[in-house]
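Given as structure tokens, the chain that follows is alone and in the form predicted on its own.
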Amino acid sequence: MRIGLTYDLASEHRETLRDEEKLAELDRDDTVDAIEAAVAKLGHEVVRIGGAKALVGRLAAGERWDLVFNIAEGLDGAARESQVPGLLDVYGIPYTFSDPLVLAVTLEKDLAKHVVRAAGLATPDFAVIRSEAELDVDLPYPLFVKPIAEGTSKGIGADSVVRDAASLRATATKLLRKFEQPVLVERYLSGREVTVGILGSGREAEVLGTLEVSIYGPGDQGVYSYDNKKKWEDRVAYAWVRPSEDEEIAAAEALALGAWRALGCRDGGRVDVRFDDAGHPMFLEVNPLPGLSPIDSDLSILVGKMGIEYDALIARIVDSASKRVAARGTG
């Protein structure tokens, strides 16, 4: 197949965005290099495209692809992750990962939690602060506070765990001003934190494995913060945990797979789960457009712990998306 590659590179926006935290979700050059090499090893022709604006130009010029491997996060707007898939849908071009509706709903973490809860799956009680005029919430402390539509732990730090109204107001105000978006407030869970890797779509989706995240040393304790993730080699211990050896992990994987299917996610990604103090797993959020750095993205760390080659992970994602190409060809 002729496979296009869509992405947003941090290196191309460093001069305009400047803030390293704002660049955190964008991809590094070595990530695009690694995906291109892995897809080419499968025997496909790979064509680099770039982000949404570059895609517009290529489509307008008449260029087409059998499949697009999409990792473009977008730059602006509540539905920024949906921009590239939306354009590809207009032209009937299949692509990897989830469709625009799923990406928009899951980026707004409160909407994803509503869907998951409606499906009968557990998620901590939550509220949304939309402005500085509504800084109080009717939830018991301690609480966890984060931007409603960010990834890569952006906006999460030691002050994300709040234990009183004054701390809540201070942290929420800071986040409202910095990220210019609503703030999600949810009950803080004191138990284990895991991220569950999932591959496939619909009823064919299956759990790849589960990575437990433990903070140690100088890291922000109790939170998988932006600084902890950035300095993971000195602050975070990752472990592949098997459901056959751990009943809690088996429950977390069942919850994660249920959430993945309820939200309609496709091809591959992660579901973040945390346990309460009684050992019950709770859905936190889903990442249906996962980071794919071969070095430090959680999904890549997981497959590395499992002894799976990075190229094999990319091959599984392409294989899942290719089923939609085949269905299109027979339709």
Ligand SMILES: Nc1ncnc2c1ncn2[C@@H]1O[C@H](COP(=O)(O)OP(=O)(O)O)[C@@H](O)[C@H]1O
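Bear in mind that the values here come from a model prediction, so they are computed numbers and not experimental data. All residue numbers refer to positions in the sequence shown, first residue = 1.
FYI, the form predicted in complex with the ligand isn't displayed, but the following is about it.
- The closest heavy atom approach of residue 285 to the ligand in the predicted bound form falls within 4.5 Å.
- Proximity of residue 227 to the ligand in the predicted bound form falls outside the 4.5 Å heavy atom cutoff.
- Mapping the unseen interface onto this chain, residue 186 counts among the residues with a heavy atom inside 4.5 Å of the ligand in the predicted bound form.
- Taking non-hydrogen atoms only, residue 235 never approaches the ligand to within 4.5 angstroms in the predicted bound form.
- Across the options 147 to 155, 242 to 250, 204 to 212, 91 to 99, residues that bring heavy atoms within 4.5 Å of the ligand in the predicted bound form belong to 147 to 155.
- Taking the partner from elsewhere, every residue among 109, 223 and 274 has a non-hydrogen atom within 4.5 angstroms of the ligand in the predicted bound form.
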